[in-house]
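The chain below stands alone, shown as structure tokens; this is the form predicted on its own.
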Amino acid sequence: MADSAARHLRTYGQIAWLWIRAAWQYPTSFVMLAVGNGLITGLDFVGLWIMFTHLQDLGGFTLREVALLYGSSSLALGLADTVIGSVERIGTYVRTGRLDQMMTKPVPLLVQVCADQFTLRRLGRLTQASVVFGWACTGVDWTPLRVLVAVSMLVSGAMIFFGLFVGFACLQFWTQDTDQLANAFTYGGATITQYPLRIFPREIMVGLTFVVPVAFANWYPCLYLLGRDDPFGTPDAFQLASPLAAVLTVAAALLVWRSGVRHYTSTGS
């Protein structure tokens, strides 16, 4: 199994590298898109900073603490979006027949879909999120376990968004033009978790924990990093459960993917 996974990763890298080389044929365009992407996403945090010029805290969280939530959520989303953001186009691939072409190749379909049209312009988002996260980390009282939790948070968060991207994209095997519905749970979920969940109704927290588990991408581990108890009274074990949530989310997404591919009946054209 390990050999198979390594082979798939190598194949993914080869496909992605082809798209990177193609993009670098127009370096000025590439740099402008990357910088523009970073500046646009950076406006989100500028909005938070402006908000805190009129507030001392937001739901009991200071600007630096909110920055930790913002940076970790944005990094997790950015990593997943960079690696497999192309899976959102599955509906277009179905309608145009491109998915049929991919299925004739001796490469796992999911690897092809995720690597197709790979682009590094999303590095702008990752760079901006990394700067905010790095600044926020200066306010954490670090211990070896907290370092481990922080690393686990970023990896698990990326895996959770990976699972959500794939799982909701699979809806397009059965329906048309549902990519915006998927965005509501992926990008929308990331946006909500950039803020302290304490400012939302309890029902929102429950939904983001047990239905669409993006709260495990940053909220619970950030509570641990900040030495805070959950204001909603959830067990402390949730603060260390991000890896389990990530594994379950990815496993569920892969099952949905297999079901979608199994029931796919071609574009018909």
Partner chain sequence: MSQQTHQPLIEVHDLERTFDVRRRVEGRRRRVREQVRAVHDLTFAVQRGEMVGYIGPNGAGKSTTIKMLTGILVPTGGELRVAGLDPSRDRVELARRIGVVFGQRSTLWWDLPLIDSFELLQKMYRIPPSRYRENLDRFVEILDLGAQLDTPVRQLSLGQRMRGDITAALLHDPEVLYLDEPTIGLDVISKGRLREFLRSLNTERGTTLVLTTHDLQDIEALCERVIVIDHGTSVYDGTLAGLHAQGGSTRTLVVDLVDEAPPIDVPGADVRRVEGPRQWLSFPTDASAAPIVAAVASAYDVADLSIQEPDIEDVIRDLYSREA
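Positions refer to the first chain, counted from 1. The model shown is predicted, which means the values in this text are computed figures rather than measured ones.
There is another form of the same protein, the form predicted together with its partner chain; it is not shown, and what comes next is about it.
Student: Could you confirm whether Gln112 comes within 4.5 Å of its partner chain in the predicted complex, counting heavy atoms only?
Tutor: Residue-level check for Gln112: yes, a contact with its partner chain.
Student: Flag Thr104 as yes or no: does it have a non-hydrogen atom within 4.5 angstroms of any non-hydrogen atom of its partner chain in the predicted complex?
Tutor: Heavy-atom contact with its partner chain at 4.5 Å: present for Thr104.
Student: Find out whether any non-hydrogen atom of Ile15 is located within 4.5 angstroms of its partner chain in the predicted complex, and reply yes or no.
Tutor: Contact with its partner chain, yes.
Student: Report yes if any heavy atom of Asp116 sits within 4.5 Å of a heavy atom of its partner chain in the predicted complex; otherwise report no.
Tutor: Asp116: yes, in contact with its partner chain in the predicted complex.
Student: Out of the stretches listed (92-100, 164-172, 189-197, 73-81), which one is close to its partner chain in the predicted complex, meaning heavy atoms within 4.5 Å?
Tutor: It is the stretch 92-100.
Student: Tell me whether Gly42, Val140 and Arg228, taken together, all sit within 4.5 Å of its partner chain in the predicted complex, counting heavy atoms only.
Tutor: Per the other structure, none of Gly42, Val140 and Arg228 touch its partner chain.
Student: Scan Leu9, Leu255, Leu248, Ala22 and let me know which has any heavy atom within 4.5 Å of its partner chain in the predicted complex.
Tutor: Going through each option in turn, the one that passes is Ala22.
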